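Here's a solo chain for you in structure tokens, the form predicted alone.
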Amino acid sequence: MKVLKFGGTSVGSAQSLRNVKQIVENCNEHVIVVVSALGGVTNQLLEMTRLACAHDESYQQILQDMRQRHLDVIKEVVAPQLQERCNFIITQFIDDTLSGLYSCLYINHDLPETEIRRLSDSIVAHGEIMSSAIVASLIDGAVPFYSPEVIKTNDIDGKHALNPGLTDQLIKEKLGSIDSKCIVMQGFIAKDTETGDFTNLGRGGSDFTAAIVAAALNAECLEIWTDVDGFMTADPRTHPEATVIPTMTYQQAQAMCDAGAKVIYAPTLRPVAELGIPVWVKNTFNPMAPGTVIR
């Protein structure tokens, strides 16, 4: 069994989604697919929340543009017989987002920061839910799974912190018991152990979700599919001569992440490194490239 994570750029357009479909359907083994929101959607949801909290109704146009973007993608990539159901799911969650933003619009400015954060976390979770609905409809035989059923956090000093023991147990019990060649789930989002409120693992948290799942189920490997060919010897935007690093140790990759390399989210490596699960970094737009393997 393998865990494949696809980031926002990988699910951000019709063409990239077709690549995702081909990559997943070419796998011979059981796979769990973890997806981010469509590229840019998380930023839009956060911006809309900010506008609504500032009593600025201009968020409404951003929301309608987001809705149309998702519906356009569905029309391009989802089989006709599944489009109506997929459109319904997207519309439902857009309506939920609208309801949350409407609440923000009329909140009292003296509302505690914790309550504003709770509303924001609830709104921003919809990005991954909508993208996973599209990806699950796109891939033949895929079974959708709701990540907050197994990814749990606790509030520690006002911050969301993974509850590792409960999360590991729930992944084994719930995900491990599903008999399907392909499961599609959301990255990033979670729920609070005590309150049941939406929370998340932080920006870049979809990588972390995938690593947690891979470790809990002792996956053969974790594949991080992104928009670069792997870890590079330098930033190719400023150093055109940069080349892909074919093999790295966990320690080398962690050092590069800690130094600012944005190829993968820094906390991702620890869960898989403890079990010796290899991590591949590969390019959704260039899937035949060998990528970087971290061992």
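Note that this is a predicted model, so its numbers are computed, not measured. Numbers for residues come from their place in the sequence shown, where the first is 1.
Although it is not shown, the form predicted in complex with a small molecule is what the next lines describe.
Q: Using 4.5 Å between non-hydrogen atoms, is R203 touching the small molecule in the predicted complex?
A: Yes, R203 is a contact residue.
Q: Please run the contact check for T268 against the small molecule in the predicted complex: heavy atoms, 4.5 angstroms, yes or no?
A: No.
Q: Do V33 and the small molecule share at least one heavy atom pair within 4.5 Å in the predicted complex?
A: Judged by the heavy-atom cut-off of 4.5 Å, V33 is well away from the small molecule in the predicted complex.
Q: Considering only heavy atoms, tell me if A37 and the small molecule come within 4.5 Å of each other in the predicted complex.
A: Looking in the predicted complex, residue contacts with the small molecule include A37, since a heavy atom lies within 4.5 Å.
Q: Which among 37 to 45, 23 to 31, 238 to 246, 53 to 61 is in contact with the small molecule in the predicted complex, heavy atoms within 4.5 angstroms?
A: Contact-bearing stretch, as computed: 37 to 45.
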